[in-house]
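As a starting point, one isolated chain is supplied in structure tokens, in the form predicted on its own.
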């Protein structure tokens, strides 16, 4: 099938492009290259903003069967400081993608959401039917995207699947800009720089390997999971202190972080329940955290070896 991937040069999006091409799909990517730089020479790339009205004509010409919408403003801190920018990219951009796919006669949009939409959960792991309690402009914009998907399905018959991601990690995630803690720990420990854990180290997150995440997307571009919000995570909590020890072991560095005061607004704990995703897509996370961290450390070593001095 023909698949449009927005955010195609980014961390997750570039892995997804690789997977879809390997599966035999015809892929076109959309990315403004403001943060991602993972571009394949054999895949057409439209260098543009997803909120650009010109996207409608480009998508109409390609006529995708499905679209995976990953392009987004992903920083909670940026969203708090500039909520209008966050809304332009995440709300207007999502509306533009949905309208473009609808006009082109596409069948489905797979929308990328975040576990941030759940806010402070009542119970862990958070089920996919939990109430949404966005506590930041970023989370609010992702919630809005989910609402737009539902509206387009009801109004126009455009199918969708929402994939609500836990903390994704793996190769191609870099510590520059808004990055995951795995990448930050890995690069710092490889370079012999000090690392920092905020709070007492007991804060938890659900870490899911990027290869498992793109497998969920690859399954969701088909007919399964239509009209559903599906959690993509392991359901298991890992504390910040445990994560640091695991990354240090993968890198072969001392496990001796500094401790800093907790950051305002950080959730104390998060993990998502993937039971509905198993039922809808036949998906489960297959890469154990130790193995995923080893792969990530290997990639980071290779990247550091070729990086200019």
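Numbering follows the first chain given and starts at 1. Since we're looking at a predicted model, the values are computed, not measured.
What comes next is about the form predicted together with a small molecule, which does not appear here.
Among 32-40, 265-273, 280-288, 241-249, which stretch has residues whose heavy atoms lie within 4.5 Å of the small molecule in the predicted complex?
Within 4.5 Å of the partner lies stretch 32-40.
Is there a non-hydrogen atom of residue 65 within 4.5 angstroms of a non-hydrogen atom of the small molecule in the predicted complex?
Judged by the heavy-atom cut-off of 4.5 Å, residue 65 is well away from the small molecule in the predicted complex.
Within a 4.5 Å heavy atom cut-off, is residue 162 in contact with the small molecule in the predicted complex?
Residue-level check for residue 162: no, no contact with the small molecule.
In the predicted complex, residue 10 touching the small molecule (heavy atom, 4.5 Å)
Close contact exists here: in the predicted complex, residue 10 approaches the small molecule to within 4.5 Å, heavy atoms only.
Is there a heavy atom of residue 168 no more than 4.5 Å from a heavy atom of the small molecule in the predicted complex?
Yes, residue 168 is a contact residue.
Identify which of 183, 79, 114, 234 has a heavy atom within 4.5 Å of the small molecule in the predicted complex; exactly one of them does.
Contact residue from the list: 114.
Looking at 74, 221, 128, 98 here, can you tell me which has any non-hydrogen atom within 4.5 angstroms of the small molecule in the predicted complex?
Checked against the cut-off, the match is 74.
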